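Coming up is one lone chain in structure tokens, specifically the form predicted alone.
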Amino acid sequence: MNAKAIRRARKSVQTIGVYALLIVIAVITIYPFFWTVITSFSGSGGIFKFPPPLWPTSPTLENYVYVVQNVPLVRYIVNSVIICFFGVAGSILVATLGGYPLAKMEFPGRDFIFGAILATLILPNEAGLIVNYITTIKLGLLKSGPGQYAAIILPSLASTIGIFLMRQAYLAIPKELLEAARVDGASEWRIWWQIMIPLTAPTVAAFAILQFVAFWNSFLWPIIVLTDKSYYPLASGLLDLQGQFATNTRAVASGTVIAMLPILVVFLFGQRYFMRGLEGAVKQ
């Protein structure tokens, strides 16, 4: 066997190994979702038995009917939509404005400020719970009904990942384009709105999807900060399915599937922009 054939065989073995590893990772990743869907349609039988079933036992829609009858689903979905709309819009505004000066303006301490922003990624999300809770109380957001939406949204508007993604996307835009706009008399606001935002639209879309998922899945913070359950988002509202002494696992699985559907739909329609946006940021 010559050297060329040996290299071809070695490359084939490597390719097979890579695909085998990817298949294993895919199975491990997909299985929890698959198990949840199977459990949501199961009417009887053990749900934790091994090996796990590949098809619902006594398939039924009773679990979904139970969720609809015992949880104010429409109210929780409306709350989630409101939180996602204002949360995503506010996060995009903060990230696009915050990333612009860090990428295209020269001022003392710029790199230090950017480094300090990135350093916050070291802290776990739970580290800010007490500070954010005290802040929402001081602002009086928990006293009024609609203000409770703001109590959920405001602490998450400044996203470190969003500022990082937008800064990296802005860096890919040639400085000559901005200098030409300034020579023509365009203000920084006009440059940001009419040049920077359109050219970084894929990154904005990718960040919007990330924030939509984050706000839609809001669970712990609404439970901590809200005193009125009628303002719970869907993820937190599914706690109504948990009894004091027992939990209807099949009903919880059904509610989880319902909560996951909007995320899957948004990602399926926006995955092209999502991949393009992240690719453009990583290349920097």
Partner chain sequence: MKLRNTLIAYGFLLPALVLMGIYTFFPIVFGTYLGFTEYNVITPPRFVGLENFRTLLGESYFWSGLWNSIRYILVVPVIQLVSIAVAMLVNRQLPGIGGFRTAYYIPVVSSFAVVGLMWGWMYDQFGPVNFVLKTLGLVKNPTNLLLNPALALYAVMFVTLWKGIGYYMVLYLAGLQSIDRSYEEAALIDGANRWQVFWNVTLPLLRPIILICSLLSTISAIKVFEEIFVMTGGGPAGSTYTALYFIYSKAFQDFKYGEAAAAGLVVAVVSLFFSILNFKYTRGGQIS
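Small disclaimer: the values here were computed from a predicted structure and weren't measured. Residue numbers count along the first chain shown, from 1. Note that the rigid core is defined as the largest set of C-alphas that superpose within 1.5 Å between two forms.
Below: the form predicted in complex with the partner chain, not depicted.
Choose one stretch from 76-84, 198-206, 172-180, 121-129: the one whose residues place a heavy atom within 4.5 angstroms of the partner chain in the predicted bound form.
Careful reading of the contacts points to 121-129.
Might I38 be said to contact the partner chain in the predicted bound form, defining contact as any heavy atom within 4.5 Å?
Answer no; every heavy atom of I38 is more than 4.5 Å from the partner chain in the predicted bound form.
Is Y149 part of the interface with the partner chain in the predicted bound form - any heavy atom within 4.5 Å?
Looking in the predicted bound form, residue contacts with the partner chain do not include Y149, since no heavy atom lies within 4.5 Å.
Would you classify G145 as touching the partner chain in the predicted bound form, given a 4.5 Å non-hydrogen atom cut-off?
Contact with the partner chain, no.
So in the predicted bound form, does any heavy atom of Y64 sit within 4.5 Å of the partner chain?
Y64: no contact with the partner chain in the predicted bound form.
Are there residues in 100-122 with a heavy atom within 4.5 Å of the partner chain in the predicted bound form, and which are they, in order?
Heavy-atom contacts to the partner chain in the predicted bound form: Y100, P101, L102, M105, E106, F107, P108, G109, I113, A116, I117, T120, L121, I122.
Return yes or no for W35: a CA shift of at least 2 Å between this form and the one not shown, with the rigid core superposed?
The answer is yes, as the C-alpha of W35 shifts between this form and the one not shown by 2 Å or more after core alignment.
Does L226 move its CA by 2 angstroms or more between this form and the one not shown when the core is aligned?
L226: C-alpha displaced by less than 2 Å between this form and the one not shown.
A235: with the rigid core matched between this form and the one not shown, does its Cα shift 2 Å or more?
Where the cores coincide, A235 shows only a C-alpha shift between this form and the one not shown that is less than 2 Å.
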